[in-house]
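There is one chain below, alone, in structure tokens, taken in the form predicted alone.
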């Protein structure tokens, strides 16, 4: 395989993630990465701007890129070469970040998804949560705003809890009402957050079991991957569910979808090149 440059662009509900890779066979060198919060802006314009920033950072021009792969909600991105489904890109991206990964939990702004993969990143099975569930990034962001804390404080505060308050509702709207009642009763922020994390973790552990994930490493991806409180609560829930799984995150977990898109793009480009030569 000839050395090529590929790009991966993942438009999610809350962020646009862009990566650039230099790929030569099985060797993939990361060249640049960009992430941008959407915040009511046009995600496609944001994707274009982020792509330009990534190219500038890598010292490249658009003509240097052999394949631009989109994923997530970027199917209609005008300058992409091809589109890949999120479950396949998160699976491949997770394997790149940690080759020991055998299951992926992609938890974004609006929903969560459990994905079982093999050693190459091929998807074996998957299942999604409901969009109205109180287990999304948007739900936690709303709760943090109500409690008057920064998002990056959620994980550490949750782990300071001494008496977690249970959140029973699976509906985000009703769960937020539960939280308002907790605050009025004087429940501390750490105990509220830990209770939310435990509620989310139980559902995520059962989601993993439902797709046949019973052993190995679970890599967290998506916007909530770096929530240390959620990762800790999930590992506690996995022990309670009596499954031999260990959940971990990676500093670049949020880029998993974009990484997978870029690498699958390189694979597809090579395949198309061979077909053209054989014709």
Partner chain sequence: MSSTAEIMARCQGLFEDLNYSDARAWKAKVPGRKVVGFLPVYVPLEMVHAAGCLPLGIFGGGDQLEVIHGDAYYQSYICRIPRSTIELGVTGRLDFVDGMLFPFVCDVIRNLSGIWKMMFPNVWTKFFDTPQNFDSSIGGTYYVHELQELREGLENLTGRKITDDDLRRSIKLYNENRRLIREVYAFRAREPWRAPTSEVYVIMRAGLMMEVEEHNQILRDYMDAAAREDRPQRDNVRVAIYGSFCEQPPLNLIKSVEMAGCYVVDDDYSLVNRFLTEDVPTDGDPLAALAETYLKHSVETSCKYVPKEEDKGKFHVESVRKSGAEGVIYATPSFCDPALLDRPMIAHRLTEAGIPHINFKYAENSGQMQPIREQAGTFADSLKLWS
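None of these values were measured; they are calculated from a predicted model. Positions refer to the first chain, counted from 1.
The next section is about a form of this same protein that is not shown, the form predicted in complex with its partner chain.
Interface residue among 97, 87, 77, 189 relative to its partner chain in the predicted complex, by the heavy atom within 4.5 Å criterion: 87. Interface residue remark: residue 113 is counted as part of the site for its partner chain in the predicted complex, having a heavy atom within 4.5 Å.
Heavy atoms of residue 164 never reach within 4.5 Å of its partner chain in the predicted complex, leaving it off the interface. The shortest heavy atom separation between residue 264 and its partner chain in the predicted complex is within 4.5 Å. For the chain shown alone, residue 155 is not a contact residue for its partner chain in the predicted complex, no non-hydrogen atom being within 4.5 angstroms. Annotated contacts: 122, 128 and 268 all touch its partner chain in the predicted complex [non-hydrogen atom within 4.5 angstroms].
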